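Only one chain is included here, represented as structure tokens and corresponding to the form predicted on its own.
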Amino acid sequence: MFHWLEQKPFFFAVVLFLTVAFAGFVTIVPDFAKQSQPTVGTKPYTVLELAGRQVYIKDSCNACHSQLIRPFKSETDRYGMYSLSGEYAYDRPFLWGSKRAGPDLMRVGNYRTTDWHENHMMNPSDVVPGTVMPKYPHQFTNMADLATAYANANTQKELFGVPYDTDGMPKLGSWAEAEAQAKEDAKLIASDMKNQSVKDAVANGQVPEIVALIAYLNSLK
């Protein structure tokens, strides 16, 4: 058989390719599957954080900011520990990005505060002189869509097995329970903010987009 293959270069190349491909599959796939499991400490987003993620996507933050730190010293020195695949286990869709008009935000929750984000989103040049980032004042008056965020979380739980309502994971429950929890979470964010209109809105049971967005950014660690 091998003598015949040696006389047939095309078939020899095919057999060689299939052999190497199978060996690679057996070696790589199990490890890849293991690495794709949720990293220890990784939790699904809360309803408020998902609402903020919706704002992040709606206002195209992902067009200028990546969420993927590569394993190079220049990256880790600036942004922190490189990204692990398991950290994205509950990200739907992924927001890895490929352009950095602004810095990577994968671990922005480790070094930026609620107060910083509030000032930055209202007028970026106040905190980052010379920035090309636009202002987002509408986030202070528009209300976050908690209902869609809840539907998103519930869909992920039912279709993808995201472990809401399990030990140590965010509680989802009914819409009424989820809405009440999101508003309580919003109060914690608003307590660290200065904008009085935002504070008043949260006190009246509303959740401005800026509050949800900050909750999401604070969760990126």
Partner chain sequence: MQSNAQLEYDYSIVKAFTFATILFGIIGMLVGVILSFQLAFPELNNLAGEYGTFGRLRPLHTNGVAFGFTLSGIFATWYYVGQRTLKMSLNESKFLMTVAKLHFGLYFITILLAVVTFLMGFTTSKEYAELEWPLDLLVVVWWVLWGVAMFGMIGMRRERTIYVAIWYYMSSFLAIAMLYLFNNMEVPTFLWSGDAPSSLMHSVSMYAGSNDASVQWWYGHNAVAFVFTAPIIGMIYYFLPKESGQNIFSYKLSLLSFWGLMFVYLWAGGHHLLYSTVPDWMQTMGSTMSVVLILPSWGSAINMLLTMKGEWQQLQTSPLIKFMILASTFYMLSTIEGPIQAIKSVNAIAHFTDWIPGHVHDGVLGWVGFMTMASLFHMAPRMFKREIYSKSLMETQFWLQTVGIVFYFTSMWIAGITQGMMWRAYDEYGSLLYSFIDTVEVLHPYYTIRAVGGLFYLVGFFIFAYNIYKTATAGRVLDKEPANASPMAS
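Residue numbers count along the first chain shown, from 1. For clarity, every value in this text was computed on a predicted model and none was experimentally measured. If you superpose the two forms and keep the largest set of C-alpha atoms that fall within 1.5 Å, you have the rigid core.
Keep in mind that the form predicted together with the partner chain is not shown, yet the notes after this line are about it.
- Query: Though the partner chain is not shown, can you say which of 39, 195, 152, 181 has a heavy atom within 4.5 Å of it in the predicted bound form?
  - Reply: Exactly one listed residue reaches within 4.5 Å, namely 152.
- Although the partner chain is absent from this view, report whether residue 105 comes within 4.5 Å of it in the predicted bound form, heavy atoms only. Contact check for residue 105: no, nothing within 4.5 Å of the partner chain in the predicted bound form.
- Query: Is there a heavy atom of residue 166 no more than 4.5 Å from a heavy atom of the partner chain in the predicted bound form?
  - Reply: Judged by the heavy-atom cut-off of 4.5 Å, residue 166 is well away from the partner chain in the predicted bound form.
- Can any non-hydrogen atom of residue 156 be found within 4.5 angstroms of the partner chain in the predicted bound form? Result yes; residue 156 sits at the interface with the partner chain in the predicted bound form.
- Is residue 171 close enough to touch the partner chain in the predicted bound form, meaning at least one heavy atom pair within 4.5 Å? Taking the distances in the predicted bound form, the answer for residue 171 is no, it never comes within 4.5 Å of the partner chain.
- From first to last in sequence, which residues of 62 to 85 have any non-hydrogen atom within 4.5 angstroms of the partner chain in the predicted bound form? Heavy-atom contacts to the partner chain in the predicted bound form: 62, 63, 64, 66, 68, 70, 71, 72, 73, 74, 77, 78, 79, 83, 84, 85.
- Query: 2 Å or more on the CA of residue 20 between this form and the one not shown, with the rigid core superposed, yes or no?
  - Reply: Yes.
- Message: Relative to what's shown here, the Cα pair residue 21 and residue 94 differs by 3 Å or more in the predicted bound form. Does it come closer or drift farther?
- Response: Closer: residue 21 and residue 94 approach by 3 Å or more in the predicted bound form.
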